[in-house]
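First, one chain by itself in structure tokens, the form predicted on its own.
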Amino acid sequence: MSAEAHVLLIDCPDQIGLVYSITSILYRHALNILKNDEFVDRHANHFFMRTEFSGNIDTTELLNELHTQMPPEANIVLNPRKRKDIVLLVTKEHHCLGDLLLRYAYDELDANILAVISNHNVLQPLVAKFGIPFHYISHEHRTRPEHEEAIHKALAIYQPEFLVLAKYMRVLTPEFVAHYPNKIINIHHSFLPAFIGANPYRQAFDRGVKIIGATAHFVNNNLDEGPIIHQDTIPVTHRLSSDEMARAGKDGEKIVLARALKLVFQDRIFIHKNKTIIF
């Protein structure tokens, strides 16, 4: 039994009376709703609801009653684990990694960074300052499946709930992604597909773009086409050099990634097909 705050997540095909049914069950259990958000995707005819409530609960009894009243296809999650276990994957760029390490050190991340894995050894000294295990797994002289199998072996030590690609500059195979459905989070600049390949900020500078930005998303089998979590833009002018533009872009990337992770770790996201519903 517990009197602390609780979180309830429900999504299912829409039908009349869902909000009434859910809140009535909570009322009958003498539970106090602190905050409630719901949304119906009319095109998909799908219902989403996130409820924060307080009171003493019998978890098994409450879940059984909810399942009895909801459609059989309903996904119901009560009190998802509050502090997530994560592993970061990086290559050479430090800006996103450094930001997450500092947030973790000052307990601002809502997650436990269990380890950092990299295909280069460049960032090991930075990670060592925070006392976090660092796994250098080179891709040299390995096929992509061989390299990913080595990463799998390292991940098996930690069993993370989420993988965060903090500027990990290698494309993951569908076989690797399949092991972590909707559990891999990536960050990149928002020039895609306009400026692809090397030096996107130089390409943007040459075109005279007026905004730059960043996108955080879940990873699926289509490169950079997974469900979007958070995006932001930064206005720029011709006065910025390509290097200054890149530095501004990196600042945007680390902020967008941190905000996206906050939404994920606080269980504010529903994923439906290739779209996110965020409360």
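Residue positions are given as counts along the sequence shown, with the first one as 1. Only the largest set of C-alpha atoms that superpose within 1.5 Å between the two forms is called the rigid core. This structure is a prediction, so every number in the text was calculated from the model and none was measured.
The following text describes the form predicted in complex with a further copy of the same chain, which does not appear among the structures shown.
Asks: Is there a non-hydrogen atom of L123 within 4.5 angstroms of a non-hydrogen atom of a further copy of the same chain in the model of the complex?
Replies: Residue-level check for L123: yes, a contact with a further copy of the same chain.
Asks: Since only the chain is shown here, I'm wondering whether H46 would be in contact with a further copy of the same chain in the model of the complex (any heavy atom pair within 4.5 Å).
Replies: No, H46 is distant from the partner.
Asks: Although the partner isn't part of this model, could you tell me whether G226 comes within 4.5 Å of a further copy of the same chain in the model of the complex, counting any heavy atom of the residue?
Replies: G226 belongs to the contact set for a further copy of the same chain.
Asks: Would you classify F195 as touching a further copy of the same chain in the model of the complex, given a 4.5 Å non-hydrogen atom cut-off?
Replies: Yes.
Asks: Of the options H179, H188, R202, H139, which one has a non-hydrogen atom that comes within 4.5 Å of a further copy of the same chain in the model of the complex?
Replies: When a further copy of the same chain is considered in the model of the complex, the option within 4.5 Å is R202.
Asks: T68, N56, N221, N32: which sits within 4.5 Å of a further copy of the same chain in the model of the complex by any heavy atom?
Replies: The option sitting close enough to the partner is N32.
Asks: Sort through 139-147, 153-161, 100-108, 167-175 and report the only stretch with a non-hydrogen atom within 4.5 Å of a further copy of the same chain in the model of the complex.
Replies: Single hit among the candidates: 100-108.
Asks: Just to make sure I understand: among 128-163, which residues lie within 4.5 Å of a further copy of the same chain in the model of the complex, judging by heavy atoms?
Replies: Residues within 4.5 Å: K129, F130.
Asks: Rigid core fitted, then: does L31 show a CA shift of 2 angstroms or greater between the shown form and the other one?
Replies: Yes, the C-alpha moves 2 Å or more.
Asks: Please check if R83 moves between the shown form and the other one, taking a CA shift of 2 Å or more relative to the superposed core as movement.
Replies: No; that C-alpha moves by less than 2 Å between the shown form and the other one.
Asks: Please state whether Q231 has a C-alpha shift of 2 Å or more between the shown form and the other one, with the rigid core used for the fit.
Replies: No: Q231 shifts by under 2 Å between the shown form and the other one.
Asks: In the model of the complex, the Cα separation between R81 and E148 changes by 3 Å or more relative to the shown form; did it shrink or grow?
Replies: Farther apart, which means the C-alphas of R81 and E148 are at least 3 Å more distant in the model of the complex.
Asks: Quick one: with a 3 Å or larger change, is the R81 to H179 CA distance smaller or larger in the model of the complex? Answer closer or farther.
Replies: Here the pair is closer than in the model of the complex; there, farther apart.
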